[in-house]
Every structure is written in C-alpha cells, then in structure tokens.
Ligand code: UGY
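In the block that follows, a single chain appears as structure tokens, in the form predicted on its own.
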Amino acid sequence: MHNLGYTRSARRSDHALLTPDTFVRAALPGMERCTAVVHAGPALGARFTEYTAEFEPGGVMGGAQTQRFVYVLSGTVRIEGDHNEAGMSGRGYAYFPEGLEHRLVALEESKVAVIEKPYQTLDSAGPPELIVSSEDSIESRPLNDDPGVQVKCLLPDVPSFDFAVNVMTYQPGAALSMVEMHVMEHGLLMLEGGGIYRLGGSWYPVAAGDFIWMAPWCPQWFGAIGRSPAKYLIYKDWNRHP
C-alpha cells in the first residue's frame, strides 16, 4: 500500500535520518553483481563516506583509494588481495589501510556496511595495519559504569588510527547519561531493536536498518525502547587535532 508521501527520513543542517523505505540502490565503480545504498558522504557535508554494499552470490566489490572498514551484516564474504585470503560471516569485520590492494567476494547473498575515509597521517605514529576479526571476539565494557549500556571497540585506540568504530548495545530502558555535543561527527547504523534518538532539536523513533548522520556539535541522545536490546554500529573521527 502506498504510504502517501510519509517517511521517518529527515534531513537537517546538522543531522540526517535515513530509513529503509527511502533507500536508493546503485552500483559504484568496482562493483559487479553488487549495489550500494550510500548513507553519508561529502555531498551531505560528511568528512567520510558510509554505505551498505548488497551482494548477489558471487558478487564482487573492488578496493578503495582510501582506508576502508567493513562489517558483515549478513551472509559470508571472502577477502582477496596481497595477503592471505580470509572469510567473514555475520559480525565479522576488517580494516584495510590506505593503499592495500584487496577486494571482497560474496560466497552467498550478503550485506556489508562500509566506511571509507582519507587517512590523516601523524608524524609521531606509524600507519595502521590490516585487521580481520569479529565482534564476537571483542570484550564488552560498560559506558560510564552503566551495565545497561555496553560498548565494544572494534579498532585499537592507538594514534595510528584516525577514526573509531564501536558497537553499542542498550538494554530495554537504558539510555545515554547525558546529551552529548562534541567536535566528532558520527555515522550510525541501527543493527537491532529500536528507541528514541534526539538529534539537534528534534526527536525521532528509530529501528533496525535506519542510518543516522550527526555533524560536529549536533546535540545527541538515545534511549532504548521495547522488549529487546537496541544495538548500533557507530563511526567517529578520532585521535587527530581538530
């Protein structure tokens, strides 16, 4: 049934909410039997690019000119390149340093969240190295001593890395302890559950599959609502002078 122009998607100067009913798919250069839903990029005002790559079985996504982080949402993909091949299934992830030749090949129908960003060098730190791992192998820790909000840091918090990617899980009724305003920008993909997000002066119901972009200094707050935990994958720029 036609929704008569209704959507939860919204675009403001300091944030955007994109819901699956408004997603548009298109292949990017280097993709074969694969399409992308681009969520954020320079055209939006973001200093990074984030998209979901949707693979048919046997689909291919070529390498990037920038550093790249990938997180498997569903299915199974194989990493191929100038290193040992590795397979990744749901909740598996990889970080590819800028300049490392690689490609992803889907062994079945798969979805992968992709984050790309030009690397900012730091004289006092060497370049980061390839990482292939799984969320399941990362220890969870409470946020601000609240056991109802758990954080998994998927990338090492060392100066070599100029961005961070975390998984955050909220038990039903749990919430951020404060409204945050800061210099980092975010790309956030809801993985499970739902709740209410404050972005700027607006309040939005959010659910699994939604994407949120938050500009620097956008007021932000989240509270989980429902009978099951809410979980999201979140990017932020990190470890560099603003």
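Owing to the predicted nature of the structure, the values given are computational and were not obtained by experimental measurement. For every residue, the number given is its place in the sequence shown, counted from 1.
A second form of this protein, the form predicted together with the ligand, is not displayed here; the remarks below concern that form.
Student: Go through Leu44, Leu176, Ile196, Met31 and name the one with a heavy atom inside 4.5 Å of the ligand in the predicted bound form.
Tutor: Only one option qualifies, and that one is Leu176.
Student: At 4.5 Å between heavy atoms, is Ile225 in contact with the ligand in the predicted bound form?
Tutor: Judged by the heavy-atom cut-off of 4.5 Å, Ile225 is well away from the ligand in the predicted bound form.
Student: Check whether Ala86 has any heavy atom within 4.5 Å of a heavy atom of the ligand in the predicted bound form, and answer yes or no.
Tutor: Answer no; every heavy atom of Ala86 is more than 4.5 Å from the ligand in the predicted bound form.
Student: Since only the chain is shown here, I'm wondering whether Lys236 would be in contact with the ligand in the predicted bound form (any heavy atom pair within 4.5 Å).
Tutor: Residue-level check for Lys236: yes, a contact with the ligand.
Student: Using a 4.5 Å heavy atom cut-off, state whether Ile138 contacts the ligand in the predicted bound form.
Tutor: Residue-level check for Ile138: no, no contact with the ligand.
Student: Would you say all of Tyr170, Glu180 and Tyr232 touch the ligand in the predicted bound form, counting a heavy atom within 4.5 Å as a touch?
Tutor: Each of the three qualifies.
Student: Name the stretch: of 22 to 30, 181 to 189, 201 to 209, 48 to 56, exactly one has residues whose heavy atoms fall within 4.5 Å of the ligand in the predicted bound form.
Tutor: Of the options given, it is 181 to 189.
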